[in-house]
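Take a look at this one chain, the form predicted alone, written out in structure tokens.
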Amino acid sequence: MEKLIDGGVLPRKIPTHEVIYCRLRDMVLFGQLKPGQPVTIQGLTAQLDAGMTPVREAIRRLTAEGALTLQGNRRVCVPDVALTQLEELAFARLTLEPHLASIACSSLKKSDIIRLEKIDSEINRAIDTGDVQRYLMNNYRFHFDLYEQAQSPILLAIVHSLWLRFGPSLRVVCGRFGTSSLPDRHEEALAAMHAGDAAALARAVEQDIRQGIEQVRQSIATANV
């Protein structure tokens, strides 16, 4: 039984393997591991300052989620996204994410919208200063802070797996073209939140996703020329 302090319960310690999984997941999600660039498992253990067992477990989970692929000589890499795969990701994201946003709209409190506005301010600063990492992290926060309000854990888990497959490609776009044209239709989304207009919020999220997908599509096409 956990000890009580002043009538409360001590927070449960997060297992080491879960911490390592989250750290490696973020390295994939926010482009610290480049698509197609192999890294050794030993190198990841050193980078994460972790034991081999939790790193292997994190790799196993991310491989199952399609975020990493195993190679020979104890190497892994973030897979490149082909145009055919991008079309599948586009279909799934454009189907699920506007739907989650629409559901979330009626649950949003004023404090939620204020929090999302603060996150969007961070995104704008990142775009203005060319800070790719800051953009990617806060863009992720904006979308998932919104989607979590839908209280649809199954759909949320699916969308998260889609972002793991799509996020590294958006990082490649940032590296090639900078931050000036990155997807950001959040002002329209925030206006819809204030108005309590679920349909308008869904449209804004859809347009935001389409913009990012089109940039990745152009990047892949250019790379294949």
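Residue numbers run from 1 along the displayed sequence. Just so we're clear, the structure is a prediction, and the values are computed from it rather than from any experiment.
Separately, the form predicted in complex with another copy of the chain exists; it is not shown, and the next lines address it.
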item	value
Non-hydrogen atom contact Ala126 with another copy of the chain in the predicted bound form at 4.5 angstroms	no
Partner contact for Ile158 in the predicted bound form: another copy of the chain, 4.5 angstroms, heavy atom	yes
Leu162, heavy atom within 4.5 angstroms of another copy of the chain in the predicted bound form	yes
4.5 Å heavy atom contact, Glu57 and another copy of the chain in the predicted bound form	yes
Contact residue in the predicted bound form, from Thr95, Gln133, Ser107, Ser121 (heavy atom within 4.5 Å of another copy of the chain)	Thr95
Single option in Met137, Cys77, Leu116, Leu89 placed near another copy of the chain in the predicted bound form, where near means a heavy atom within 4.5 Å	Leu89
Heavy atom contact within 4.5 Å of another copy of the chain in the predicted bound form, the stretch among 63-71, 189-197, 22-30, 43-51	63-71
Residues of 142-158 having any heavy atom within 4.5 Å of another copy of the chain in the predicted bound form, listed in sequence order	Gln151, Ser152, Pro153, Ile154, Leu155, Ala157, Ile158
